[in-house]
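A single chain comes next, written as structure tokens; it is the form predicted on its own.
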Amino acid sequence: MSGSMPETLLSVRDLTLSFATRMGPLKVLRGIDLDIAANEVVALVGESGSGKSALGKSIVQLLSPPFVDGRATLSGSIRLHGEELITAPAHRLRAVRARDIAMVSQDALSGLNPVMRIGAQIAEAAQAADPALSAAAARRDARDMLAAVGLPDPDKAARDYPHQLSGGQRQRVMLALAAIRQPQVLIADEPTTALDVSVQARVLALLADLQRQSGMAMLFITHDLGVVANIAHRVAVMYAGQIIETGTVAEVFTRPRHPYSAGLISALPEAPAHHPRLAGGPPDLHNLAPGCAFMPRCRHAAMACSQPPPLKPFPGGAHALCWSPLS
């Protein structure tokens, strides 16, 4: 990406999410800062349990009542085009979900109404985004969108129920549900995890095409670094509820600053031999060390790491949350 600075569509600042548990508050997100610009794809990567999905759901307020029982506490700032969403009333959040921010998850079956035909579900989403749209026009748009996402027989797919489609077909239906709203921001949460390699490639291509055609911003959540280079402009690396490194795909993949990022990249077949392999596993969020959460697994750990690390900037807008970045 070059030229003038693109417009920031989504801005997250100091976002903290905690759940009340019998062992006390469990902080799942800790001071998240993240910007996504128009026409930009940011990949959010990290091991399972790092907080990636929690961040995605928090952005669309799916961890607040009525979606959860009220034990979640979310604080900080989430701004869409400068409008604060954290304190937005329920009716405004419903409108944001209907038109402005869409989410596609890896579990497509649970995201679809099992007793409603596919075409009717997509048409309903189209009318929610544009109440002036007639029922007939919404049905036509739904059929056209099913064709656009590559369903081989869109008329039949529109008449089918979710259980009658394959996993790859249901994932494309979820993309159609998101795309028909023409959202400003798409959050794709592990959308290809349960798919075979050939279907995964088609879904990734569909996502990239939809993003390029509409100019929307996209947060692509994955634990599979192998797909990131094919779809993203920038990368944000998460660990223990924090974003510990950001940068362009080229920067993070070829010159990771945080030891954890280097460990993740070491698992790639084309990774440089000098990148150290990750040892151990993710920390218990109930018993985090007072300093750097990665310290128990880090071969570069020093005395300073017993204190919370600073966020260090690098040329080009990259950052690393580390006392001793690798470069």
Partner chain sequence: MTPLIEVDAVSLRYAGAWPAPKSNALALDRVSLSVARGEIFGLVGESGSGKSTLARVILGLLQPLSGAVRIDGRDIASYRGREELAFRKRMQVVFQDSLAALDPRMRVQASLREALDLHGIGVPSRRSAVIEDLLGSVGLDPGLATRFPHQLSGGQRQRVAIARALSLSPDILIADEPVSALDLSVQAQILDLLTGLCRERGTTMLFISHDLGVVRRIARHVAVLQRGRIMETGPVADVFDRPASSYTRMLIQSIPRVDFNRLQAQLESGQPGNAGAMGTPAAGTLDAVP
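Numbering follows the first chain given and starts at 1. In this text, all values refer to a predicted model and were calculated from it rather than measured experimentally.
The form predicted in complex with its partner chain is left out here; the points below concern that form.
Student: Using a 4.5 Å cut on heavy atoms, which of Ala38, Ala267, Ala302, Leu288 is close to its partner chain in the predicted complex?
Tutor: It is Ala267.
Student: Sort through Ala129, Ile86, Val249, Leu93 and report the residue having a heavy atom within 4.5 Å of its partner chain in the predicted complex.
Tutor: By the 4.5 Å heavy-atom cutoff, the listed residue in contact is Val249.
Student: Given that the partner is absent here, state which listed stretch (180-188, 103-111, 218-226, 129-137) has heavy atoms within 4.5 Å of its partner chain in the predicted complex.
Tutor: Of the options given, it is 218-226.
Student: Is Asp284 a contact residue for its partner chain in the predicted complex, using a 4.5 Å heavy atom cut-off?
Tutor: Heavy-atom contact with its partner chain at 4.5 Å: absent for Asp284.
Student: Give a yes/no on whether Ser77 approaches its partner chain to within 4.5 Å in the predicted complex, heavy atoms considered.
Tutor: Answer no; every heavy atom of Ser77 is more than 4.5 Å from its partner chain in the predicted complex.
Student: Give a yes or no for Arg117: in the predicted complex, does one of its heavy atoms lie within 4.5 Å of a heavy atom belonging to its partner chain?
Tutor: Result no; Arg117 lies far from its partner chain in the predicted complex.
Student: Does its partner chain come within 4.5 Å of any heavy atom of Lys27 in the predicted complex?
Tutor: Result no; Lys27 lies far from its partner chain in the predicted complex.
Student: Quick one: name the residues from 152-169 with any non-hydrogen atom within 4.5 angstroms of its partner chain in the predicted complex.
Tutor: Heavy-atom contacts to its partner chain in the predicted complex: nothing from 152-169.
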